[in-house]
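Just the one chain here, laid out as structure tokens, in the form predicted alone.
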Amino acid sequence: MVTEVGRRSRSDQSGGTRQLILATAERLFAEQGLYAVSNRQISAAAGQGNNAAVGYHFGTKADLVRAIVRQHTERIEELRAELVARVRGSTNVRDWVVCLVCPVTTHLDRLGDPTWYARFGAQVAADPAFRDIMAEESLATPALREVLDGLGRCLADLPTHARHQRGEMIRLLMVHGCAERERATSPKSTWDDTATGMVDAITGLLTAPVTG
């Protein structure tokens, strides 16, 4: 019994250390960028006496970035699945755009203040060496794939080149729009306001006529 208690205690301590490292890395990456922050700096800022703590718990920097992304993606997926269940089968573009945007803004809102994940996401999205990690983790979630399929059915008449071009615009709008809202020290809008404006903009972008 004593042995089992000791094991649980060590496991809890390890889990707490991992969460502290994740939170610290997310903040430092958001503030300074991925290449400007070393594993040694993260370990020190997280109060770890062992400078190799990040490597011990996560491995490489790419593994650490993936762990941060996955932690948030899992929570966003839960929110998205709830919305998808309400609109499944819809042929309304806006319904699917809501499912795309609102899980992200709701998650950021629930994190409290301050948050760092949107700015962390902007740093990752701007870095070719790490950008694919976020895409891989997000696209691995069933609810997001269903949203993209729903949008695809609604936009079947949109030419392929326009779909790809507008998809990139949407990615940039979501990533940097959320990062700017998070960065604001005295925001003039709530996360709900941000979501509504973003949904309006993306719906308009997807349904705009194609010329040329």
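Residue numbers here begin at 1 and follow the sequence given. Model, not experiment: these values are computed from the prediction.
Beyond the structure shown, there is the form predicted together with another copy of the chain, which is absent from this document and is the topic of what follows.
Within 4.5 Å of another copy of the chain in the predicted bound form, a heavy atom is found for every one of M169, T196 and A201. Residue R183 is the only one of R70, R145, R183, R153 with a heavy atom lying within 4.5 Å of another copy of the chain in the predicted bound form. Of the residues given (A126, A135, V87, L111), A126 alone sits with a heavy atom within 4.5 Å of another copy of the chain in the predicted bound form.
The shortest heavy atom separation between R94 and another copy of the chain in the predicted bound form is within 4.5 Å. Put simply, R75 is far from another copy of the chain in the predicted bound form: not one heavy atom of it is within 4.5 Å. In the predicted bound form, none of the heavy atoms of A62 sits within 4.5 Å of a heavy atom of another copy of the chain. Among residues of the shown chain, H176 is one whose heavy atoms approach another copy of the chain to within 4.5 Å in the predicted bound form. Figure note: of the listed segments 145 to 153, 159 to 167, 53 to 61, 37 to 45, the one touching another copy of the chain in the predicted bound form, with heavy atoms no more than 4.5 Å away, is 159 to 167. Interface residues of 98 to 115, taken as those with a heavy atom within 4.5 Å of another copy of the chain in the predicted bound form (partner not displayed), are absent.
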